[in-house]
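Below, in structure tokens: the form predicted on its own, a single chain.
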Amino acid sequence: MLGIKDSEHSGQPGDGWIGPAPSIDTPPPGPRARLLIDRDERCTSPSNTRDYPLVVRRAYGSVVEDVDGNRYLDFAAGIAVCSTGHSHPKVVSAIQEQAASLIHICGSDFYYEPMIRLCEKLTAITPGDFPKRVLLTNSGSEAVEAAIKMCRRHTHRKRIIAFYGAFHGRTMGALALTSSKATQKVGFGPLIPMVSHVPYGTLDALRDTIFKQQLDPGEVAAIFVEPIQGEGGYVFPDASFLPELRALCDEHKIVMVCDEIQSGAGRTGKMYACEHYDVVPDVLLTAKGLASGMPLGAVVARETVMDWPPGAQGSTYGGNPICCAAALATLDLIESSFMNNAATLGPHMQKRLIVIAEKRKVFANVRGLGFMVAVDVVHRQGGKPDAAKRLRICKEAFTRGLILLPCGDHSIRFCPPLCINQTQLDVGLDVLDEAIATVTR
């Protein structure tokens, strides 16, 4: 069998094994799930979006169990967060050991070794053979916010450029850069000013319109770009796009910021997606899969760019000792085996999806790198986008024990834990095939 061995925590028998999946004994939502959903709907924010009624009790590896005892194969990993799988023993042990000695002291005020070790590690594994510095945050959005501030202060320029389809977060600064769905911005303006958007995957509009008719490039502090757009639909640019953007930034002394919050931490088969394009950014943002579910993000920047003085930026919880310990264990696992597993089994997943697409006629544009894979859902006749059918497929897959998430307007993303093995992949794709057959019957 290709990929991760059972002994390396693939969701097979082990210390925390909870059983094979899928296994649906009680059609979801079961009675316990319905009770908890009713309680949730009386007290949590209505802004939460729930794709289907999954109420989780526990999870291990690539298997999730709900409160009624149903087990699901996880092809979403908490939106690409649970990179080492759910509750990997080495990550759990690192968290427990750290919690027993130091939970919090605030890295903005004092020193502790887990934070120092993690920052050293991040400077070593991010692209670029030059001195770097690291700011640790609580989330990807917070990393974006900090990067905006840092780039403006470093360059003494105010304007920021981002791309249509981008998702950089929902906090006020990050939301100004986000441009994936209009509903994400409704009612929240005014957002931070002096932000412009251009089409993703081409620099024509930037060169021929923005820089000629709207603003001088000498006023631009930074360009924020996802090497692969995530929430916007898993959009993969042509091979020339990022190198050309790097050259343009160099030409005008603009800081190039790569948002690797979803595409990083080994998901694409390399530690960071920009490495597939041989591009070295000035600033790299990472979060999601960095700490296997613990809240942690990071801004990794050229030392010459992260030149702000003491007090210019800080965080009470950013770089919390427990999160740092989880991240160090996570990165060790990713480097030792899981990143290679994504590189090995990602193409297998795409081949299986192509076969399903040819048979069912509702999938188009299978694409991906490693375990960052997506398909478009289309009408069987004519091939037009079909967002309604996408939702029906995801819900039908859920009832059969497979967790999926949408992205973009009409796409399904496949971002399983990096520990998943080929047997689990094949079983999950068989379930998907059955779900499509039911929906299109």
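Residue numbers here begin at 1 and follow the sequence given. On a predicted model such as this, the values are computed, not experimentally measured, just so you know.
One more form of this protein should be noted, the form predicted together with a small molecule, which is absent from this view; the next part is about it.
Colleague: So in the model of the complex, does any heavy atom of H168 sit within 4.5 Å of the small molecule?
Modeller: Close contact exists here: in the model of the complex, H168 approaches the small molecule to within 4.5 Å, heavy atoms only.
Colleague: Does the 4.5 Å heavy atom contact test between E226 and the small molecule in the model of the complex come out positive?
Modeller: Yes, E226 lies within 4.5 Å of the small molecule in the model of the complex.
Colleague: So, I261 and the small molecule: in the model of the complex, are they within 4.5 Å at any heavy atom pair?
Modeller: Contact with the small molecule, yes.
Colleague: Can you tell me if K288 lies within 4.5 angstroms of the small molecule in the model of the complex, counting non-hydrogen atoms only?
Modeller: Within the cut-off, so yes.
Colleague: Within 4.5 Å of the small molecule in the model of the complex, heavy atoms considered, which of S139, S179, S87, T155?
Modeller: Contact with the small molecule in the model of the complex is made by S139 alone.
Colleague: Among the candidate stretches 107-115, 168-176, 93-101, 186-194, which one is within 4.5 Å of the small molecule in the model of the complex when only heavy atoms are counted?
Modeller: So the stretch in question is 168-176.
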